[in-house]
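Take a look at this single chain, the form predicted on its own, given in structure tokens.
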């Protein structure tokens, strides 16, 4: 069984950046395991622009952004196994995998970085009533069919959910000649970035039905129509509000789930809020020497942030292997009030002097917000925000010396709901 200094599971934006970050910080024997036949992950099917402003200072399409990181990888000694599926990970860092060339095999890492990304929620996750005809697709699957394989997926399309991929596909399909008759969102606000609502729906006169969901799918061999209904404050359909649309395709953009099956096998503690791992400020999970980053940790809105987080995880893994990590025997917990969806990291090591970057999401749109970060009862940072949206991940950097040794809590001091 071959031993490596670091094994990175996943060769998308997080995994590429993590491996390169570890290499920059002193590790040379690094292995990336990727189940697809090429590196780049989901970026390869994202042919729209909007990537790279933070990482490269210019706006790039998804494949070009991935290509930049792959070029960086080629300048290193980092090894890559493609078409290789990881089966399990143990707490002592043994990775079992399978490939056509090697069959079933094992490798051990002095450290491991989890960068498996996320998957889309399917129809079964929300149990839409009706028949089971062809023509019901997740937005990401539609993106792959249209952008990579060149298929036409339908002529008259409805989209459920206003996640970013769904919004972007509304524009893409319109440009391909299809008619997108509408987008329904169960919440009273869009779950996509505001710019995507403007550029992908408003600019093409595609209606957005807020507080609506699909309540029936009709069709025998193929979707023939869908029915949407308005929902009440408990997100339950309201009788008498039904609208029916004749369509041949329904796309689902109803959320992403971190791919944490391997994390569970390894016995890593997971957060019910993010569905990803609990991590400390070094992105280390509850299993020493195993780190997590990117969308497998929490769903990001910008790939540039994924890459930055990956580089940070790579640096932390390198410090772990080279014996430069701080003692973790003393740590403080981080929590958030009920106004927040989550805050990361979950723990902070007391030792060390590097500033801590907190990442959080709010549960509902707010404006004129004052956010307080507390160390025990002591207010250590007060930040004013004109607007806060659930679709946008917020960040705040705090010097380690200001954090103290009491547990950290983030809460709303003042807010006005939108």
Partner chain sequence: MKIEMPCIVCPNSCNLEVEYEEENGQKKIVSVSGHLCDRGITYATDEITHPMRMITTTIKITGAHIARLPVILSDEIPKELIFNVLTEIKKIKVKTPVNEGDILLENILGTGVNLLASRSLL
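These numbers were taken from a predicted model, which means no experiment stands behind them. Positions refer to the first chain, counted from 1.
As for the form predicted in complex with its partner chain, it is not shown, yet the points below apply to it.
Q: Would you check whether its partner chain, in the model of the complex, lies within 4.5 angstroms of a non-hydrogen atom from each of 272, 286 and 352?
A: The answer is no; none of 272, 286 and 352 reaches its partner chain.
Q: Can any non-hydrogen atom of residue 356 be found within 4.5 angstroms of its partner chain in the model of the complex?
A: No - in the model of the complex, heavy atoms of residue 356 and its partner chain never come within 4.5 Å of each other.
Q: Might residue 210 be said to contact its partner chain in the model of the complex, defining contact as any heavy atom within 4.5 Å?
A: No, residue 210 stays farther than 4.5 Å from its partner chain in the model of the complex.
Q: Quick one: does residue 71 come within 4.5 Å of its partner chain in the model of the complex, counting heavy atoms only?
A: Heavy-atom contact with its partner chain at 4.5 Å: present for residue 71.
Q: So, residue 44 and its partner chain: in the model of the complex, are they within 4.5 Å at any heavy atom pair?
A: Yes, residue 44 lies within 4.5 Å of its partner chain in the model of the complex.
Q: Given a 4.5 Å cut-off on heavy atoms, tell me which of 51-59, 356-364, 24-32, 372-380 is the interface stretch with its partner chain in the model of the complex.
A: Checking each option against the 4.5 Å cut-off leaves 51-59.
Q: Since exactly one of 147, 229, 325, 249 fits, which has a heavy atom within 4.5 Å of its partner chain in the model of the complex?
A: Selected residue: 147.
Q: Considering non-hydrogen atoms and a 4.5 Å limit, which listed residue (76, 83, 241, 199) is close to its partner chain in the model of the complex?
A: The option sitting close enough to the partner is 199.
Q: Using a 4.5 Å heavy atom cutoff, which residues in 181-202 contact its partner chain in the model of the complex? It's fine if the answer is none.
A: Counting only heavy atoms within 4.5 Å of its partner chain in the model of the complex, the contacting residues of 181-202 are 193, 194, 195, 198, 199.
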